Each structure stands twice: as C-alpha cells, then as structure tokens.
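The form predicted on its own is given below as one chain in structure tokens.
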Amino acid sequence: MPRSPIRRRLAEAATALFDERGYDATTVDDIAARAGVSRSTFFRHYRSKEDVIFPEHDALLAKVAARLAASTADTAVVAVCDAVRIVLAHYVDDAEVSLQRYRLVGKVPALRDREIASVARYQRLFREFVADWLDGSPDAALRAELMAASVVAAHNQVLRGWLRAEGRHDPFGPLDHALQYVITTFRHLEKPRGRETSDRVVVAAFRSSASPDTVMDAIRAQLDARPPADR
C-alpha cells in the first residue's frame, strides 16, 4: 500500500524536520516548504502534521478487514495470521519512514498516545472477528478478547524487535514463530460444529441375572431415548 509521490515527499520532509528541529518546533508550513509544495497541497493530503508520520490506518484497516471477511469458519485462524502479516508488511515496505517514526515516537508523548490509539483499532477489529467466529460457544466474548490481545501482542513484539534492530533482519520468520504460540493456545476454541452419533455414550442398567434378550431390550430402550438431533 505505497504512498503517492507527494504524500511520500511530505512524510520524508516531516520526519526529517522533526528529527532536526523537534516535533513541537516544526510547523505545517515548514513541512510543505521542505517538500516543495504549498500549504493547501499539504492539507489536501493530511489533516495535521502528526498524520504525516503515521501509516494510513483507514486504508490498512480496510485491507485487514477484507482479508478476515474472506475467510470461513475452517480458515479463521489462517485469516488472522494473514491479516497480521499484512500489517507488518505495511511497516516493512515503508521501512525508512517506519524507523524514523519509531525514533520520534519515543521522544514525543503525544505521538505515543496516538500510536496506542491506533493499535487499539486493530485489536478491536480482531476481537470482533473472533467473537463472530466463536459466536455461540462458551465464553466467546472473553476468548475473543484474549485472542485479539495475544495476536496484537505477538505482532508488536516482533515489530519492536525489527525496529530496534534498525530493520536489519527479516521479521516475518519471527512473526510466524510468535503466531505459532497464539495458534497453539487458541486453535481448540473453534465453535463446536455438533456431535456425531458415535460420540454419544449410552448407559443401560440391568441385573446380573438378566437374560441376553433383557439386556438387548435395555440397550434398545436407551438408544431409542436419544434426542432427535443425535439420531
């Protein structure tokens, strides 16, 4: 999901100025001038100077939501993993800006708050998807909350490691490794699809002195007493 040339120039200008002058001392006019565009051009692309350095979350969330929506109950776990890879790929594909943003966010509390709010949007999207997938199973809402938090935590741990290493390694192997823990923990939470007849235990009681015909009659009575759905 690459930025347009003008958006990229604005992003590069903003991150360079924030690094040189500091976030608070940099204005929209400064960013526009460094990028070689007008103030009005800046506002056609971004709402504020902080928007320049963050990923285009609305478009990225829409892409993640589309991947989740394309799954079935049998492929839900795979869809979640694919969706997480989409998010990580967005940071990796724009590595220079991602690294500059990481350094800047560590210095500016307002930007850290913005980043936390952005992460919450992804976690909510995963939580709603998993809750729908597990709908009708015990503790579906709780399980969805736990799985969504685990998925986001796995992604963030790998992303932070990649950023701290200045992007010098491929993060997708570590991401797959981290997601295996999530899959192992939550694979068993799939919504029950119903029980087969062979899963039902039938108990018949009779005296030890009962004849074989009596025993068979008792077993038949128990089988005939099963609920219609199990037959």
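What you are looking at is a predicted structure, and each value in this text was computed from that prediction instead of being measured. Between two forms, the rigid core is defined as the largest C-alpha subset superposing within 1.5 Å. One rule holds for the numbers: they count along the sequence shown, beginning at 1.
Quick note: we don't show the form predicted in complex with the DNA, though the next part is all about it.
A heavy atom within 4.5 Å of the DNA in the predicted bound form is found for exactly one of 57, 63, 49, 34: 49. Highlighted residues 147, 150 and 181: none comes within 4.5 Å of the DNA in the predicted bound form, counting any heavy atom.
A residue is said to contact a partner when one of its heavy atoms sits within 4.5 Å of a partner heavy atom; residue 185 fails this definition for the DNA in the predicted bound form, lying far away.
Taking non-hydrogen atoms only, residue 163 never approaches the DNA to within 4.5 angstroms in the predicted bound form.
With a 4.5 Å cutoff on heavy atoms, residue 45 counts as touching the DNA in the predicted bound form. The DNA is not shown here, but in the predicted bound form it comes within 4.5 Å of a heavy atom of residue 39. The rigid-core alignment places the CA of residue 61 less than 2 Å apart between the shown form and the other one.
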